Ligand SMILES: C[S@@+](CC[C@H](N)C(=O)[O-])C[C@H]1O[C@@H](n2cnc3c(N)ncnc32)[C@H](O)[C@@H]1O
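One chain is shown next in structure tokens, namely the form predicted alone.
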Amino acid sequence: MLEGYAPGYAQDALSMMNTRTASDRAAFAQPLFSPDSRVLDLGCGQGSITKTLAPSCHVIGVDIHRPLLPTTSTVDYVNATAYALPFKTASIDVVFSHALFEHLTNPAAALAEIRRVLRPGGHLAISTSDWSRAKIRPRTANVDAALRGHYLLRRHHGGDPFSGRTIATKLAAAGFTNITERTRYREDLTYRALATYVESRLAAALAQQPLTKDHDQLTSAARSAWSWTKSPAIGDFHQCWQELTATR
């Protein structure tokens, strides 16, 4: 299984990323930032959160996809993977990560690397989604079938669409302590926009990927997603996010 970024980098995905701000997505992490702390924003994307994450700190944005990283900014940006951070052992005060762990094939390896670069007593703040607890109404047969295809596509890319369910256990297994956890719901997309988003990802996957044992299921899910986009129903979508803090 190859690791990849299931949402892709089309304009709708980038626009969705750029609506995220530190005041909303990183509010739970703010008590961890002290003046002059060295802070990593891991999986920073285009830096919409990074640039206002901790104004009094030295913030470094890290992302594996080089073209996303800003070229001019007061923030330092580094092209790197979560599995091999280019920082010395015990050199970072806080690691923050939003919407990354649901895309990782090996979250345990990433947590071990985060723990390596954190100083003793340093802090980790993670926000990761859990699609199993997302509030999506109405849930018709087409919606459920489309979502099953969406989850399958996430797994094809090496991720875990239900990452939020197990992330606290993974933190403990990695040796982190003082783990706190809370659930937060956000309207990341409208119900209609979610339908369009899911349908476009399934259609693109079927057009680009070779036939697999799941091809028929993905094809059926894509048809259901198309029907979802054409339905007149108005609904609601609130994504479930697990927000956790922990100590090295």
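Numbering starts at 1 and runs along the sequence shown. Everything numeric in this text was worked out from a predicted model, so none of it was measured.
Beyond what is shown, the protein has a form predicted in complex with this ligand; the following relates to that form.
Figure note: of the listed segments 143-151, 162-170, 117-125, 94-102, the one touching this ligand in the model of the complex, with heavy atoms no more than 4.5 Å away, is 94-102.
In the model of the complex, residue 179 stays away from this ligand, with no heavy atom inside 4.5 Å. In the model of the complex, this ligand sits within 4.5 Å of a heavy atom belonging to residue 83. This ligand is not shown here, and in the model of the complex it never comes within 4.5 Å of any heavy atom of residue 57.
Proximity of residue 65 to this ligand in the model of the complex falls within the 4.5 Å heavy atom cutoff. With the partner removed from view, the residue among 221, 195, 49, 29 that has a non-hydrogen atom within 4.5 Å of this ligand in the model of the complex turns out to be 49. Taking this ligand as positioned in the model of the complex, the residues of 32-46 that bring a heavy atom within 4.5 Å of it are, in sequence order, 43, 44, 45.
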